[in-house]
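Single chain ahead, written as C-alpha cells, the form predicted on its own.
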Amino acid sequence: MTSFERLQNRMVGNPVDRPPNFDIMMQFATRHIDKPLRDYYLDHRVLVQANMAMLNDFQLDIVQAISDPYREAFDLGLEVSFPEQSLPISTSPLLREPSDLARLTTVDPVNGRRMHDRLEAIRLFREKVGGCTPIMGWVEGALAEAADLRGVSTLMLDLFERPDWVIELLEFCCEQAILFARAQMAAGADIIGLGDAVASQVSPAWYRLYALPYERRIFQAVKNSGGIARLHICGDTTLILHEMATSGADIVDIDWMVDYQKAAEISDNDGPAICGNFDPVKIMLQGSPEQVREAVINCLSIGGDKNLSAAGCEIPINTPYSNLHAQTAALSEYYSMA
C-alpha cells in the first residue's frame, strides 16, 4: 500500500496496513541532512532533500513544503531576517499604521520570491513521489497572516479598537491565501495545510467572527481545485473543536494540550480525520522509546479509524532518532497488537 493509498483509505475509515505517519518535520529534517536552517527556508532544493530523507529514513507518509509563516508576508514586503541556524525573524511590522493597508496589493505567487520557491518545491516533489506520497503545500490563515503583517499584540488591540478595519485586512489576507493555495495545487500539491496559530489566542466568539469564515473560504477554494484541506491551529483549541470541524477541513490537527478523547468526537460520522496529538517535547524530545510507543498507541486507540499519527506540533530539532524509530515501530505493530 502506498502512502497515498494509506491516507485515502484512512481518511474515510477504511482498512490500512498501518496508520499513516503525519509528523511535521522542519528543523529536525534540516539537521538530519546537516544543512543550515537558513537554507531550508530559502532554497527549495534543500527543503525537498530534507523531506525525502524523512520519507526514506523514518517512513513518513507525507512530504511537506511547510517551512515558516513568512512566505506570503515576505513577498508582500515584510522585513524578515534569516539567521543561519535559527528561525526566521520579522524585524518590524509591515502595517505600522492602519492607513498602510491601502497601499497593499496581492502578489501573484509566481512572481513572489518566496512563494515561487515553495511552488518549485512542490514541482520537484511531484517529479520524485507524485501519486505515491501525498504532497502538502501550505498557506497562512487570514487571521494568522494579519498577525504576521501587523504584529500579534497590535492586532489584538485592533480587534477592540478598529474591528471594521480588521475585517478589511482579513479580506485582503484571505484573497492572498486563496491565490497561493490555487497556485500550489496547480504546481502539484495534494494537500493544502492552513496554519492559523493565533486563532487559539482569541475567544470562541471571535474565532467564529475573525477566523472561521476565512478558513472556510480558503478550504472551499482548495476543494474546488481537487485538494485535501488540513487545518493546523497550535495551542489549546478545546473550546473551538466543534467549530474547527465545520471549517471544511478534511484533516484537523490537534495539539498536545487538548484531550484527544474530546477531539475524537468531531471525527464521528462525516467529520474530519483528526491528527495528533502526543507532546512533541515531553514525549518525542525528552521521553524514552517506550514512552513514545505508549503515547502513539494511546492516540491510535482513542482516535478511531480515521485518525492520523503525529505529535501535536513540529518534531523538535534534537529529538533522538530512537524515539522516531519507536513511533515507526508502533505504527507497524499496531494492528497485530489489537
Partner chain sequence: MSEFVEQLALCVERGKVNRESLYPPDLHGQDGTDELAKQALEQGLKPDTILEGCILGMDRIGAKFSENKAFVPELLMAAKAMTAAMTHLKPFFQSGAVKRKGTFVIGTVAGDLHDIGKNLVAMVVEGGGFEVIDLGTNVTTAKFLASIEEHPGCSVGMSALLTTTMVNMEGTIKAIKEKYPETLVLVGGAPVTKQYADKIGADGYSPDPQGAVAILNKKVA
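Positions refer to the first chain, counted from 1. Note that the structure is a prediction, hence the values are computed from the model and not measured.
Omitted here: the form predicted in complex with the partner chain. The next part is about that form.
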ask   = in the predicted complex, which of the listed residues (F172, W165, F82, W206) lies with a heavy atom within 4.5 Å of the partner chain?
value = W206
request  = Would you mind picking the one in E127, D268, D108, E161 that has a heavy atom within 4.5 Å of the partner chain in the predicted complex?
outcome  = E161
ask   = Thinking of V152, V281 and L285 as one candidate spot, does the partner chain come within 4.5 Å of a heavy atom in every one of them in the predicted complex?
value = yes
inquiry  = At 4.5 Å between heavy atoms, is W256 in contact with the partner chain in the predicted complex?
reply    = yes
key: Interface membership of C132, the partner chain in the predicted complex, 4.5 Å heavy atom rule   = no
inquiry  = At 4.5 Å between heavy atoms, is E120 in contact with the partner chain in the predicted complex?
reply    = no
inquiry  = Check P316 for me: does it contact the partner chain in the predicted complex (non-hydrogen atoms, 4.5 angstroms)?
reply    = yes
query = In terms of non-hydrogen atoms within 4.5 angstroms, which of the given stretches 214-222, 176-184, 100-108, 235-243 touches the partner chain in the predicted complex?
reply = 235-243
remark   = In sequence order, the residues of 36-69 that place a heavy atom within 4.5 Å of the partner chain in the predicted complex are none
